[in-house]
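In the form predicted on its own, a lone chain appears below as structure tokens.
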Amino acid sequence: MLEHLDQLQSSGLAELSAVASPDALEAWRLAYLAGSGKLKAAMGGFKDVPKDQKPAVGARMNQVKAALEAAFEEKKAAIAAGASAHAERLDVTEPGLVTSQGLGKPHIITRVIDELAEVFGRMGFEVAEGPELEDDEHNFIKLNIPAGHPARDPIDNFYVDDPRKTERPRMIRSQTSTVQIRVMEAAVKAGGGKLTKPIKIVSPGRVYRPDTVDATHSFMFHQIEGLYLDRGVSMIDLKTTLLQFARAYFGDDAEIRLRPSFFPFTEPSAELDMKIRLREDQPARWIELGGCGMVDPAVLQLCGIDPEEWTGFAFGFGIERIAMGRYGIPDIRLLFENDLRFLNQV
């Protein structure tokens, strides 16, 4: 065995000395050092060595292994140095070449989300996030949308599980209202089973509904949800917040109106409209931005919050519609077509 190891080291070093290219070096490594190479095969015979010879043979194996590996690294460095010496020299004094037509910038939707978060941040709202893959409990049940409600119909939602066969089907969320439920649950849990401090959050994110795509609708769009819970919150606080938002974001002359409406998770409820000019050659017209209202006591109870102690309001806006109003974009499809001519304008 010792003679075999001596011969292995001798032949390995001899063959390595003749190697002159990276490909030949890799072939040598595979032949000697790889898992199926000669060194590994020799080490496999260690089990057949008599017990009294094992210490000497083991020491010699380690020596051969170290010698071959060291020689390999030395040859590898030498070949790399030789390749660098023959490489084309770069004249660093030459002027650089323009490889791009311009610097990138955040997409208009990303910019609007950041702008909205900044405006609401000045009013004391923190940003909260939640998962896009939701469950029936957070998307419907705890938002006071019971079984059999038309809003839960598979034709109006993207279900992951068949709602006819699964008790709590998963789905891609149809509204960012799911985040307010998770925030309230977390706050109650942190308070040891009860709400102990106010909640004031906004939650921007993607939502999904199987809508027909046209100038103002898409099957994937963005919403920003707002929630404020405290003692003594009223509809006056909601209207004041929305008016301050509109004037801070669209200008002091922004016009809004609230129209009575119905949502299962707010009572009373309203639609928020804003007068927006989408084209310079057209007059401003009322555009629906989203819904709002006082959080329904049933929603608070489902989240473990006492509606006799806490009240609050919630609102949800379509971010694409806000972007269209702020930047005069006439068609929502322009936001997702990746046309550089459009993206360079906004």
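Bear in mind that the values here come from a model prediction, so they are computed numbers and not experimental data. Position 1 is the first residue in the sequence shown; the rest follow in order.
What follows is about the form predicted together with a small molecule, which we do not show.
Peer 1: Between 170, 111, 209, 247, only one gets a heavy atom within 4.5 angstroms of the small molecule in the predicted bound form; which residue is that?
Peer 2: Only one option qualifies, and that one is 209.
Peer 1: Using heavy atoms only and a 4.5 Å cut-off, determine which of 157, 144, 203, 266 is in contact with the small molecule in the predicted bound form.
Peer 2: Spelling it out, the residue with a heavy atom inside the cut-off is 266.
Peer 1: Can you work out whether residue 223 and the small molecule are in contact in the predicted bound form, taking contact to mean some heavy atom pair no more than 4.5 Å apart?
Peer 2: It does: once the small molecule is placed as it appears in the predicted bound form, residue 223 has a heavy atom within 4.5 Å of it.
Peer 1: Under a 4.5 Å heavy atom criterion, is residue 315 part of the interface with the small molecule in the predicted bound form?
Peer 2: Yes.
Peer 1: Heavy atom to heavy atom, is residue 68 within 4.5 Å of the small molecule in the predicted bound form?
Peer 2: Result no; residue 68 lies far from the small molecule in the predicted bound form.
Peer 1: How about residue 175 - does it come within 4.5 Å of the small molecule in the predicted bound form, if we only consider non-hydrogen atoms?
Peer 2: Output for residue 175 is yes: heavy atoms within 4.5 Å of the small molecule.
Peer 1: With the partner removed from view, which of 39 to 47, 60 to 68, 288 to 296, 26 to 34 is the stretch that lies within 4.5 Å of the small molecule in the predicted bound form, judged by heavy atom distances?
Peer 2: Comparing against the small molecule in the predicted bound form, the contact stretch is 288 to 296.
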